[in-house]
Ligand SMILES: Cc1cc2nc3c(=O)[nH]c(=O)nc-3n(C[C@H](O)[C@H](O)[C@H](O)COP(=O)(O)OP(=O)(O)OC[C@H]3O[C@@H](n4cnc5c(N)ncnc54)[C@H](O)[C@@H]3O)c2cc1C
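The chain below stands alone and is given in structure tokens; this is the form predicted on its own.
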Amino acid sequence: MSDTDLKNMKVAVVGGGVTGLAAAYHLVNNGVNVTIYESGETLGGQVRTIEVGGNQIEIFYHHLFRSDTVVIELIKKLGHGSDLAWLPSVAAMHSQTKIYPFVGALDLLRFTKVSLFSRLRLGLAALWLRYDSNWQKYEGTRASSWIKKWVGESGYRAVWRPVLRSKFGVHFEDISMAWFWGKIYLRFASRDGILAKEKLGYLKGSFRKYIDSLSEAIRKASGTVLTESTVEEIFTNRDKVTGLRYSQHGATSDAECDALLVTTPTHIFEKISPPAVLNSPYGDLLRTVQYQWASVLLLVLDRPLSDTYWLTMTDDDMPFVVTVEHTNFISANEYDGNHIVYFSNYADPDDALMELSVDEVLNIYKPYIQRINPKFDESWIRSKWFFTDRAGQPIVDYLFHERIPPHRTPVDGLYLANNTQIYPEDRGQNYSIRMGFRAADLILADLGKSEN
């Protein structure tokens, strides 16, 4: 297909998160006429930001691993490579009011909550997964079963059971070993050696910098970016996509397109999908998707809470799974002396906690925050927010790989790309961007075929 032909092609992208932006960027760079429809006021999805101390900060915590090559290259291409800093990560594990540092491999030997033998098994199992690139062999296996076999019941209960339970609720015993492999493999990839300390990446000034540059590049290439624009219906004719209906500021409009990429969570895609998708085996796959809510209580404090960046919580009664003290990674000086802490939680869809106000959540969390620092008091708080995401974490059970819908739907020209299709990697900027590029390549290939 010639460049002239591509310019006559109209592609709609539903969702202005990193996947939608990446896909649109790739498409406009190949000469396609693209329009993004984002229902929110701002772009970026979970990477959107708020202002703290004169600087921007993400509403959900973010960092990069050394293996996140796709987003790293994109950041450089957009002109922000000099702003990407690689800094040591201070990680630890919290158990029964005690904090166990996990900065280097030797810290595992000091984890006295379990026996020396269990500590060695924990370390050897992690090391094995770091150098085992054949993740496919773990498909169909429960992570809990594998961990119990190779780490032992003691190590499982002390370390990995609390993490899986906090993240996946009642489903924790059934989570895929392939997913667990990805978490370990990725974490070790940000170390320069077995005994080296972990280094993580952060974009000075927040990741909003490259989000803004992406949207600007799309507009400069004659793409259109519409915010506060909610897609309500997808139009088809003889099982081929023809357009969509969207509402913006109270007005409803129709738009034609030759291809349409949806990057929203699955339950939103189902609401706008045509019958040819819903009444098909593809629709059956969509209905198997289950999500956990993701949430963060974000506090801005007048002093540090701890000296740890990433603190994994392991007590069974903890209402949050990890504490991320951003200003133990990026200096509080960048935020006018404010100290920024996230308390991350995952919850079942019917968990009433997700409907509470920020003050109500703080009241629940406060005694548990005081386990981290007994001196913590509400007078330390300068600002507070509670953010939630209904589709924050797909439940990746051991048979999940058999139910992943392909990007191409049964409707010609209609595509889906969301966090249920990132497997075996976990959700994250790098893999979301990579998926956006891949979906764009499928669209380009199919548009070319349609003209032959």
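Just count from 1 along the sequence shown to find any residue number. Values in this document were obtained by computation on a predicted structure and should not be read as measured data.
Although it is not shown, the form predicted together with the named molecule is what the next lines describe.
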Please run the contact check for residue 323 against the named molecule in the predicted complex: heavy atoms, 4.5 angstroms, yes or no?
no
How about residue 89: is it within 4.5 Å of the named molecule in the predicted complex, going by heavy atoms?
no
Residue 268: heavy atom within 4.5 Å of the named molecule in the predicted complex?
yes
Please run the contact check for residue 386 against the named molecule in the predicted complex: heavy atoms, 4.5 angstroms, yes or no?
no
Using heavy atoms and a 4.5 Å cut-off, decide whether 44, 64 and 432 all contact the named molecule in the predicted complex.
yes
Going by heavy atoms within 4.5 Å, which of 23-31, 423-431, 404-412, 49-57 lines up against the named molecule in the predicted complex?
423-431
If we check the named molecule in the predicted complex, which of the residues in 225-262 reach within 4.5 angstroms of it by a non-hydrogen atom?
229, 230, 231
